[in-house]
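Just the one chain here, the form predicted on its own, laid out as structure tokens.
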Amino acid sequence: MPSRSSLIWSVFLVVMALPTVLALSGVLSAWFQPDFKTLSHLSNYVLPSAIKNTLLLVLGVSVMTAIIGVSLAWLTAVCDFPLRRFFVWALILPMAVPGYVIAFAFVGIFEFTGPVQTGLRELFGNSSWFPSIYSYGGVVMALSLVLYPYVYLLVRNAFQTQGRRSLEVGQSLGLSVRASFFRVSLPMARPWIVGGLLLVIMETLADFGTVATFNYDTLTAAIYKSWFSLYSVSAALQVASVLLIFVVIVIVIERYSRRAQQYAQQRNASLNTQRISLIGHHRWLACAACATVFTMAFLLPCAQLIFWAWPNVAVELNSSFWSYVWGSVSLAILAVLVIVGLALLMAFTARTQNSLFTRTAVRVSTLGYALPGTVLAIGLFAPMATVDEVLYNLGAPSHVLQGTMFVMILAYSVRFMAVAYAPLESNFLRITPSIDAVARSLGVSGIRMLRLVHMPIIRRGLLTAMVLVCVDVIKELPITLMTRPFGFNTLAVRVFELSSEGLWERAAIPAIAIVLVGIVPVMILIKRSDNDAH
């Protein structure tokens, strides 16, 4: 018979998994009471184009991020050329720029009245031949430039562990360097490439702000429009269920792909072998390739934001702006306290109550990171509306839960629980069973063991979890936009509202604030990713 303590922790794990189950149930509930009129409209006018656009976007972004990420990973990990050490970490910086920020920056730069087309008209008389930024190519370019670091980081690690040994194996078989890359190094890095691309695909499926800026209709945009333009919760739920199918397929593929990641490699192989020293024009071509991507993905958008913001600093830094800052900061603090606190207890429970039930509950609780924010928002709306109706029938005021901070924090908890849990779990692995045994022999167990013994050891992981959750909450757009209480605004919402109206200059200052916050976790990644860059 399980002890009382085990029973309490089991109940806690069930409660932790419940919000994710509620969100998924809320989405799937649309099919138990289908609105056939709405469903017919969606099938004829919304879903075909939204599904087509979503698939094309996933395909285009996957191809572009694979090309950019793999090529840059190879150059910085295996080759030696001017400014390589700088580009090793600089090419990670685009992760600090949210997709919706680079989107409206690119629109301002490349639209008809922007500096690029204006300059072309001055030089050549017209710019009609210049491709429109409001196009498939525009949204693919923007998303690829902010998402390629997922592929770059993973694949660069694979190439580092291979070092030049993979090339030497190919050359011993009579292959050239180029042939060795395609026939030896690239196949060996395939699991990491697939892993990075699956992350890119999930982020692409979840994106809302970027596609909204480019007026590119995908399933996430269709969910938002169904709810806030058509005022149909059932329509939004049905579209969300279609998007959920795509997400489930990606999750299944991601789980299956891990089976292939059984490659024995020497951890510091790259440190014990010499890099390929590029000579002649090749060294400058490598430098130019890295510089072009870095400029397009980070320098150019940031320069445009600063150009817009500088003349308006005195006007825009008013009480309204600071209210948006306070909204973002207060929301982030509250989310960090709730999410990291719960993740800490869950990681401790997973360590002390190791069982199939525990592992299953933890997996369900951390599944939310794979779910798009639009799906979570509409998925939680349905069960919260049901609870509100029950409470109202019992005599409570109407809308006790809907449109409150509780629902927003609940959605954030589902979305970012995995972000907080991962660094805590890895730090708990540093604690040996003998430490727990010594603590128990001294009469220290349960929460006291967590507070007195574990917390001092895992404090770095705890800090990392807090920083990552804080930044993700500040950057998050769809959950905040769709679940915020009336009158509550954040920097992300302000950027979306202003950029939707074409007020690029006014949106620049809150966008810069978000980018500066986003640099914090990127710097943590940079510090840990490659010691040879220093």
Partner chain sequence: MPISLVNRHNSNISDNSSNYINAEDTLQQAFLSLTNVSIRFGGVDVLSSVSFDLARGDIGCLLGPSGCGKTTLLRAIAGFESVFSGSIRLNGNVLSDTNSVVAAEKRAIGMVFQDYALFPHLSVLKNVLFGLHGLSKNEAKSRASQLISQVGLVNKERSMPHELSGGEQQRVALARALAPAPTLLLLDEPFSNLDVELRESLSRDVREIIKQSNTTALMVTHDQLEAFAMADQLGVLHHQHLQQWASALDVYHQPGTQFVASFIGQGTFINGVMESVGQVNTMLGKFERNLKGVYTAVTSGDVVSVLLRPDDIICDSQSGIEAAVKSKYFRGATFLYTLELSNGEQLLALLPSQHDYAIDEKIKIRPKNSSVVVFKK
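Residue numbers count along the first chain shown, from 1. All figures in this text were calculated on a predicted structure; none of them were measured in a lab.
Separately, the form predicted together with the partner chain exists; it is not shown, and the next lines address it.
Note on the interface: of 368-376, 119-127, 387-395, 445-453, the segment with non-hydrogen atoms within 4.5 angstroms of the partner chain in the model of the complex is 445-453. When you look in the model of the complex, the only residue of R363, R440, R85, R283 with a non-hydrogen atom within 4.5 Å of the partner chain is R440. Of the listed positions (T113, T292, N354, T432), a single one reaches within 4.5 angstroms of the partner chain by any non-hydrogen atom in the model of the complex, namely T432. When contacts are judged by a 4.5 Å heavy atom cut-off, V248 does not count as touching the partner chain in the model of the complex. Interface membership of I457, defined by any non-hydrogen atom within 4.5 Å of the partner chain in the model of the complex, is confirmed. For the stretch 312-340, the set of residues having any non-hydrogen atom within 4.5 angstroms of the partner chain in the model of the complex is empty.
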